[in-house]
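Same chain, two forms, each on its own as structure tokens: structure 1, then structure 2.
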Structure 1
């Protein structure tokens, strides 16, 4: 996709604060029209600063930001075809739902009949029908979030920016709103650019994810690819649970771990290359004896050092001696054998479930 057709085009953008702080470091990114795109990373990685530059709340020190091919330059926020939803919602406490949602339209001198029609559509879209006359203080956190979303969408922006809008909600409501947000985005069909430090949010909702660290965009890809094929150790450790085992490539597709075990893994590194084997806990299985393992699988011997119950799953920490230790998650089904701390076990995994990243 070219810069002229991308919903958001970020080219060579750097943002400095003073002489010493580089918040965003020479990033390039194109976000497609109608895409739900998430910027994911830890606090201080530059994701919110990037969002604020798209919004016009900050200006780049260097580089270009385009929206549908149009250079934004120093254009102020109210002159950009975007709207932003913040974590705080920023609702007017003295206004009811209808007045909060229609505020921007009234400021634009939109005719009263059209304001009423568009506000009604927005209320239906975010499932607030029947709550028109309530004030923010009479709404739940999730309902307030919907009002803020409707207020942004009613202006029909080309791009909607969302800065951790679910951060103030409790876990159960946050998980529900993740699905609702994705449904709303699919229905309206506009580009959503979503900032979060929560990997589950990003993986659940996004068409693509851009992972940021220290002001740099370290990997961009589909949710599945970011999770299954991390490009480096930071992404592997930040997105989902991961186990890390040091080793060395002995031949194409084979790795010798620190404890001497040789396993098959995905790697294109040359023999002799120092690598780290990365394993997702849910891709591993536990057995009591090697004879129980299906043929053609990798096996590692160890002993259970910790067991944690999570309701729908069990997590085991298995000590591998010289090779280190890592977690294994096992579905909690009645027929599943349960091991106690100290039990000897065998870990089994397919070679496609193991990636070897060069150090």
Structure 2
């Protein structure tokens, strides 16, 4: 096993169902050992299918899947050093918590004494102590989720696959479990491949994220890079809030909007290219007068066309006339001026906060 061997290597993998459905479309991806990797994308984009192919529950129509350099081919799931936490948990209803968790070890013919000690450890790890002899039907959603996690972790797999494991939980519990999962992952040091359609969840938990759309992997990168530097319109729109303004590149680092205003922004296209300028609402500031804006910033004039209250923040929709409109998010603190619909405002942003994306 060399240092460069990926925990999971996916090379040119395509999965078709019948003639028409292309669930996964020519994916290349390497997930490193010990990494918390998330597959993020909207419903039906092929996340589950990708995961099932890694698990061996589905076989690729084309391409190869390697686990620590070993070609998986048509190897059945029971012969892969991988375990899965299923979307619906798939706990065995006819077995109690202990037997559910010990199932994998018993199937691997691990000695009885070791099975019970490892099951005990796993139960403690996921904080289910005392619930050993309950049936899954007698557990709450969060507890079932922990059993599913323990049942997979107890086998000490080289890679753990998780398919929207928190999808069925309410918001508060989900946030708690996110932190717990992340802790468990860094404690056991196993590679996690985590599927979710919740971009916030992916951003909070992952080292790296792979964004999928229509069966294709559209961007792979560190969570922060995915958020700060989306490489295409889909990622820009799917991850976080984003405003879009049409325009064209004037020269490197400079963009002209549809209304004629010229602003400085990050560009990587040649002059004359039509682009879309993307801006995060929280990276913009509103002022009443141009004189208040710190020197060296981009300045645009507009008027407030809508105000939305979010509790910890307020969102203003600002009209720029011919250039379009965008959202500005402002923290709800006393030092911030409250604007009303119709107010004339000056928008200011740092040139690093705006990117020009070629269509």
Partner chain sequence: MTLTDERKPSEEEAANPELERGAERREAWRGFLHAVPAYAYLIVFFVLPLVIVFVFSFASRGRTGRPLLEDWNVDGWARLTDPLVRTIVGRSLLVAVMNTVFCLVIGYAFAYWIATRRKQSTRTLLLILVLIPFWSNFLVRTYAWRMLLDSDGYITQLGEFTGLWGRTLFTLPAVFLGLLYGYLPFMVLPLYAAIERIDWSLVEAGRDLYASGVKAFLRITLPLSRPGIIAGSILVFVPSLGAYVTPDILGGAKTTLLGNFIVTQFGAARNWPFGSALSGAILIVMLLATILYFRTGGRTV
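Between two forms, the rigid core is defined as the largest C-alpha subset superposing within 1.5 Å. Positions refer to the first chain, counted from 1. Worth saying up front: this structure is predicted, and the values here are computed from it rather than measured.
Between the two isolated copies of the chain, the first is the form predicted alone. Superposed on the core, the two forms barely differ at residue 163: its CA moves less than 2 Å between the two structures. Comparing the forms between the two structures, the C-alpha position of residue 96 differs by 2 angstroms or more, with the core used for superposition. After fitting the larger rigid piece on its C-alpha atoms, the remaining smaller piece is found rotated by 14 degrees between the two structures.
Taking the core as reference, the C-alpha deviation of residue 134 between the two structures is 4.6 Å.
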